[in-house]
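Next up: a single chain in C-alpha cells, the form predicted on its own.
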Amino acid sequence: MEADAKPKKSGPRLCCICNQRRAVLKRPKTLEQICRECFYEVFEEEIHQVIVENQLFKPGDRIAIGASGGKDSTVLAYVLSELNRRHNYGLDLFLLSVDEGITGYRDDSLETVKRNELQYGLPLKIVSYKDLYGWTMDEIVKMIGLKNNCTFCGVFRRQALDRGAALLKVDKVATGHNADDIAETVLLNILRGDIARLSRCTSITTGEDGPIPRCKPFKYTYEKEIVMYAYFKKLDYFSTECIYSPNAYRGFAREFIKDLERIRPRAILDIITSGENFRISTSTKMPEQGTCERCGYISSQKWCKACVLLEGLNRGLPKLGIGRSRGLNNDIKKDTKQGGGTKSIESKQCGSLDF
C-alpha cells in the first residue's frame, strides 16, 4: 500500500474583488479578504458616495477640516484632498486646529498638523484656548482636577472650532467623526436619557441653524479601516491619546462598542441605524435656540455653556458650571438686574463672535 500523499499546500488567497492580487487584509466592516489596491479603492469610493448622496458640499465651498493630527483627521484631510482633485468637487480646503494647551500632548500633535500642511498643500489656522478664553487645559485641570475636565474641553473645543471657522470665513466644517464615534454617542445619549441630543446625534450634517454647519464624511467608516488606510498609505499622524481622558465616561462606552464589534462587526452600523430610526415623542420639548448675551454664540440659555463654565473658572468656583447650568444662569440674571453686570461681562476674555 502506497504511503499517504502529503496534502498540497494551498497558494496565497486572492483578493475577493479583483481575484488577481494577493489578499493582505480582512475588512473589519465586511470581513472580505482583499488586496491593498482594492482596499484603497473601496475605502475612498464609499466616502465619495456618502459625500454625493448626502450633498455634503457644493462647488465653490470653503471647507475647514478639523485637524487634530490624529488618524481620523489626517486621513480625512488626505482623502478629501484626493477626492476633491479626482472628482472635481471645486472646494477650497483648509486645516483648522484647536490648541487646548495640553503640554506633552497637543503641542506634539500640532507639529504633526504643521507637517500635514506642507504635505497636502492646505493652509492651516490654529486657534488656542489661551487666546480665546484666557485659560489652558493644563490650568483648568490644575484647578478642577481630573474629574469633569472633559466637560470643559468638549464645550470649549466646539466653540473654538466655530470661532476658527468664522475667522477663515468657511461655509462648513468637516470633522473626522467615524462610525465608532457615532455609535458611542448614540449609546451615551441613551444611557444619559438625553432625548434632545439623541434625536440629532446621527445626523451627518449638524448645526445648520447655527453659525457654521458641520458634516461627518466618515459617518459610516469604521475606525479600524481608517487605521489600516493610514498604515498602508504611510500617512503622518499622531497616535497618543489625550493624557487627561483615561477616566472619561465615553471611554466606557467605547470599550463596550469594541466588545460588540468583536462578536458581530455589523453591530456598529446597526447601532447607527437604530439611532437614525428612533422616533422622538412629539410631546418632548426641545430647548429653544437663542443667542448668548455675553459672546453672541448660539445658546438655549441667557449665557452659552462655554461662558457659564468660563465664569465659574474666573470666579474661582469651577464646579459652578458643571451639570445643569440653570442655577448659574439665574445668578447671572440677578447680577444683570442689579446693574452694571453686562459691562463687566463684555470686558472679559470671551469677547464677541462676529459671525
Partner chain sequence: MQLTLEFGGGLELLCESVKVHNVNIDLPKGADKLTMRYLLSWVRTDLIKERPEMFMKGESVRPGVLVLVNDCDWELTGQLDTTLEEKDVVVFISTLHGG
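Residue numbers count along the first chain shown, from 1. All of these numbers come straight from a predicted model, not from anything done at the bench.
The next section is about a form of this same protein that is not shown, the form predicted in complex with the partner chain.
With the partner omitted from this view, the residue of R115, K130, R197, K258 that lies near the partner chain in the predicted complex is K258 [heavy atom within 4.5 Å]. With the partner omitted here, the residue from S109, S97, S73, T221 that has a non-hydrogen atom within 4.5 angstroms of the partner chain in the predicted complex is S73. Residues within 4.5 angstroms of the partner chain in the predicted complex, judged by any non-hydrogen atom, belong to 248-256 and to none of the other stretches in 147-155, 203-211, 83-91, 248-256. Contact check for I17: every heavy atom lies farther than 4.5 Å from the partner chain in the predicted complex.
In the predicted complex, no heavy atom of K302 sits within 4.5 Å of the partner chain. Of the heavy atoms in Q49, none are within 4.5 Å of the partner chain in the predicted complex. K29 falls outside the set of residues with a heavy atom inside 4.5 Å of the partner chain in the predicted complex. Every residue in the set V24, Q33 and R262 has a non-hydrogen atom no more than 4.5 Å from the partner chain in the predicted complex. Contacts with the partner chain in the predicted complex, taken as any heavy atom within 4.5 Å, map to no residue of 40-57.
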